[in-house]
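Before any questions on binding or motion, here is one chain by itself as structure tokens, the form predicted on its own.
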Amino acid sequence: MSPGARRGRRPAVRARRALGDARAAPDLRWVERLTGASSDAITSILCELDELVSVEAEIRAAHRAAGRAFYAQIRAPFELYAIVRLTRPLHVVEAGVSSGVSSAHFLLALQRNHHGTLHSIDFPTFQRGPELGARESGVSIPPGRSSGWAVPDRLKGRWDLRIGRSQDLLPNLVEELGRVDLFLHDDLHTPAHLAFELATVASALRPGSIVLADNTVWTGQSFPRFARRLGTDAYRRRGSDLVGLRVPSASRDPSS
């Protein structure tokens, strides 16, 4: 497909329909701010997803089979894919997995890159009965399933999934890796917990590393404060409380 043809398309339309989440329409401007890539380059990458609708359909089928046809999931799976494809990270770290929508799109991009590993930490809660109770968390794991239950098996070759509390596992993981090229917070959404995770990964961030946090409506000033310490701006994805930043080439000490 020529660049001109791609510019004339609305990217990821078929993929969004296959996934079944109307909220997942990608925010190209947000990706542009985080990666520095041109809108044409981003559109070209996102158009790849329309050639991979079978993966989106498989994820949706897994949700339906578990009684989660309207599952609460991250709203930016396609932007996560684009960010990984454009920045080619060696180490992606995410805290929070649940069914694995974000994980699947990270892994799909890493597979297309032929480069990099996803390191995920999850401390799951489990659904108590055959149907999700009214007072149960929407991210509870259905009976008979485990963290990442909607991730297609063929994508798992580059996946390092660790089960346990982020407080226990993240410090050792960061020390083991030595660098974090992309970090996503999507687990316990409290100001103190987000601040802990950001402080933990700070020493492993490099110029150009990207840091993302979802559901920041619940985490107060933790993310904006971290951005100020780095001397950079935080960008909010359109229509959501998912925010991100890119570590500048001459950042301040985030632990100060």
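Position 1 is the first residue in the sequence shown; the rest follow in order. The model shown is predicted, which means the values in this text are computed figures rather than measured ones.
Unshown form predicted together with a small molecule; subsequent notes refer to it.
Q: Can you tell me if residue 118 lies within 4.5 angstroms of the small molecule in the model of the complex, counting non-hydrogen atoms only?
A: Residue 118 lies outside the contact set for the small molecule.
Q: Is residue 56 a contact residue for the small molecule in the model of the complex, using a 4.5 Å heavy atom cut-off?
A: No - in the model of the complex, heavy atoms of residue 56 and the small molecule never come within 4.5 Å of each other.
Q: Can any non-hydrogen atom of residue 164 be found within 4.5 angstroms of the small molecule in the model of the complex?
A: Yes, contact at 4.5 Å.
Q: Classify residue 188 as contacting or not contacting the small molecule in the model of the complex by the rule of any non-hydrogen atom within 4.5 angstroms, answering yes or no.
A: Result yes; residue 188 sits at the interface with the small molecule in the model of the complex.
Q: Which listed residue (229, 60, 33, 193) meets the criterion of a heavy atom within 4.5 Å of the small molecule in the model of the complex?
A: Exactly one listed residue reaches within 4.5 Å, namely 193.
Q: Whether 97, 102 and 139 jointly form a contact site for the small molecule in the model of the complex is the question; each needs a heavy atom within 4.5 Å.
A: Yes, all three are in contact.
Q: Pick the stretch from 174 to 182, 121 to 129, 83 to 91, 152 to 160 whose residues have a heavy atom within 4.5 Å of the small molecule in the model of the complex.
A: Selected range: 121 to 129.
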